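Only one chain is included here, represented as structure tokens and corresponding to the form predicted on its own.
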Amino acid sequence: MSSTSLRDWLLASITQRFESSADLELGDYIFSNSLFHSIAKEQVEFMFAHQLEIIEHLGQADAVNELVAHCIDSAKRYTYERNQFVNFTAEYDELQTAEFTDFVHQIRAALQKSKTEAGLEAEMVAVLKVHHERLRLIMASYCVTYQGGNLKENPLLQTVPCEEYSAEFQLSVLGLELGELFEPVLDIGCGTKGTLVNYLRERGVASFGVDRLVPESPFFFRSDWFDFDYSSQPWGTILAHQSLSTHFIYSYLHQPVSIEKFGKLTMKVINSLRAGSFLSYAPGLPFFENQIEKVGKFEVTRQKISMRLPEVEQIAYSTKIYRMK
């Protein structure tokens, strides 16, 4: 088997493991962790058949780094698709990197130790058990750090639907027409498909998107919102449909420790605008807007959202914050 084919199989096997757990929730990861300890028979058969080749491949630093990066990317995607309010910090990235690196090394050790297919399966189950217990502890520690109280009732372990709405719907909620947009446009929380950015670019509007998971394209920046360099250029319009303000509201209600962090982020976003340009978001942030209206360099306008949005009824308006100076 060629090294490329082996590499592709290893990456695909990681993806397949996450896909096989698609019907499970984050709460299952904490309270029913044993569900993640098994390994598919066909994977064991392949690994045993290509035992020496995999051992050699996993002995290469570049190969290990690639597998670890793919594991972390897949784990984050799996997590964010179930609860968009989970936001792993650099500290947790380091913990995950260390754990997945050790996991790959333990797989190699299991292959080196196993003399039979049955023996390999037993070794892999043991490796997976330790690995997922450690990941469980990382996830649990994150939850109790950012959301105190009973872990069983922790909102970060609940499934929160996260949809990527049509571009027309997003612009309608924000109360915007194409002619109102100043270029370049930045969409915060553009999503994995970059629907709004693609829609605007198809209509000749210079647009870009930033999010944790984005399409592979020079028009998209894969970055945590807190890490992105908004000052890389003066933005004409910044859009945030049910992204920045939704997370800000969640922190206001459930994670007081993060309120100041979101306030600073929003100020950083607004200050990256050209004079006369605006940030447009929905739902509204009355607790933040009341404060920023006292600052002379900004102007706040609000527009009631015409369609019924029960989940944000009390804050069902869109906001434009103009940077005037």
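Predicted model, so just to flag it, every value in this text is computed and none were measured. Sequential numbering from 1, following the sequence displayed.
The following text describes the form predicted together with a small molecule, which does not appear among the structures shown.
Heavy atom to heavy atom, is W225 within 4.5 Å of the small molecule in the predicted bound form?
Answer yes; at least one heavy atom of W225 falls within 4.5 Å of the small molecule in the predicted bound form.
My question is simply whether D211 lines the interface with the small molecule in the predicted bound form - judged by any non-hydrogen atom within 4.5 Å.
Residue-level check for D211: yes, a contact with the small molecule.
Using 4.5 Å between non-hydrogen atoms, is T192 touching the small molecule in the predicted bound form?
Yes, contact at 4.5 Å.
Give a yes or no for D73: in the predicted bound form, does one of its heavy atoms lie within 4.5 Å of a heavy atom belonging to the small molecule?
Contact with the small molecule, no.
Picking from 237 to 245, 197 to 205, 90 to 98, 130 to 138, which part of the chain touches the small molecule in the predicted bound form when contact means heavy atoms within 4.5 Å?
Flagged stretch: 237 to 245.
So which of E123, E164, E117, D102 reaches within 4.5 angstroms of the small molecule in the predicted bound form, heavy atom to heavy atom?
Contact check passes for E164.
In the predicted bound form, the one of Q106, T145, S172, Q84 near the small molecule [non-hydrogen atom within 4.5 angstroms]:
It is Q84 that has a heavy atom within 4.5 Å of the partner.
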